[in-house]
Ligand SMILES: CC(C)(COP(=O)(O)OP(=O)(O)OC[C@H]1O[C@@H](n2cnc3c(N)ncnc32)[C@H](O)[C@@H]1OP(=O)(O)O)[C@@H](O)C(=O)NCCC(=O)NCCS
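The chain that follows stands alone, in the form predicted on its own, written as structure tokens.
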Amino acid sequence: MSAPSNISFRNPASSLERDSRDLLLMKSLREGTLDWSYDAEYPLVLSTEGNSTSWCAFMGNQLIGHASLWPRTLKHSSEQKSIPIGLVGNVATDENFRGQGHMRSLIAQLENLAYTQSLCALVLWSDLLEFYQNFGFSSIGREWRLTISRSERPYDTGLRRVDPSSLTDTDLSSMMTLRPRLEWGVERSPREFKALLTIPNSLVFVRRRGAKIVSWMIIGKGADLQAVIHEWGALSPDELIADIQTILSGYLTESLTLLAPGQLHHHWLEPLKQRSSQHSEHAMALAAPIGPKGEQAIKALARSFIWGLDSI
């Protein structure tokens, strides 16, 4: 079913429209209430500064749908190659307007925007594979979910929770270099990293040797990824596991889930699998090619990993 011709798409034009957007997203994508404003979970795409990434669907003056389109750069780790892609999230339709073809129009609008911005693929996160297959999306990439259960003996490696605002640009840059080396990854500046660390309900842990950070991890992200380590870096799998056990020893939780790239080198992956109580492999995301370089982008995404703070 095609959407009515009086649907318009644009960025929110006022604080009132942004408030209406956040209310729509809250009602559609969250259960219950939050201890923070919805936009606080997405400081780079729903803030006033990120207004250009927020796309609202209006019927007349009434907001009926929304999606974020965040242009990012997928970079090769060793070659001077990069591919522009668009990350999609905060996709919602007002409950009174569902089943009328508006979502199809919204996705088509995102594809048009991506094409005009020379983006080569759209990437989103959803369990609704059959629904999004109708728009040209398919599963891409792989990720591991490993359950690390509390050891019988206590650990204390010196890993400690920190206030993210205390981390310097040097700290943030070193944290990025500690992540496992992969063929492709999404570029992130220290400024963007610092902004993403302001997301409520994100627990940031670091371990230092002298002034240098040698291990770190982030658990939780707003209402999502609770008890999930979705960003991390360490010098070895043994040190990573010992640091996770340090958290398990000091907090009232029996286990944590570690998200790891599907392309993780076997000398990392095998020890992590051996030390986990269970593990499973899953699709990383859904993606659709855009334009003449779309298939090239899909192939690169299949060899990449998009970390938790970047997923929207």
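Keep in mind that this is a model prediction, so the values were computed, not measured. Numbering starts at 1 and runs along the sequence shown.
A second form of this protein, the form predicted in complex with the named molecule, is not displayed here; the remarks below concern that form.
Would Tyr155 sit within 4.5 Å of the named molecule in the predicted bound form, counting heavy atoms only? Residue-level check for Tyr155: no, no contact with the named molecule.
With heavy atoms only and a cut-off of 4.5 Å, decide whether Leu63 touches the named molecule in the predicted bound form. Heavy-atom contact with the named molecule at 4.5 Å: absent for Leu63.
If we define contact as a non-hydrogen atom of the residue within 4.5 angstroms of the partner, is Pro84 a contact of the named molecule in the predicted bound form? Judged by the heavy-atom cut-off of 4.5 Å, Pro84 is well away from the named molecule in the predicted bound form.
Would Pro71 count as touching the named molecule in the predicted bound form under a 4.5 Å heavy atom rule? No, Pro71 is distant from the partner.
Of 161-169, 127-135, 215-223, 72-80, which is the one stretch near the named molecule in the predicted bound form, taking non-hydrogen atoms within 4.5 angstroms as near? The contacting stretch here is 127-135.
Answer option from Met103, Val206, Leu110, Ile241, heavy atom within 4.5 Å of the named molecule in the predicted bound form: When the named molecule is considered in the predicted bound form, the option within 4.5 Å is Met103.
Heavy atom within 4.5 Å of the named molecule in the predicted bound form - the one residue of Ile199, Cys120, Ala234, Val91 that qualifies: Exactly one listed residue reaches within 4.5 Å, namely Val91.
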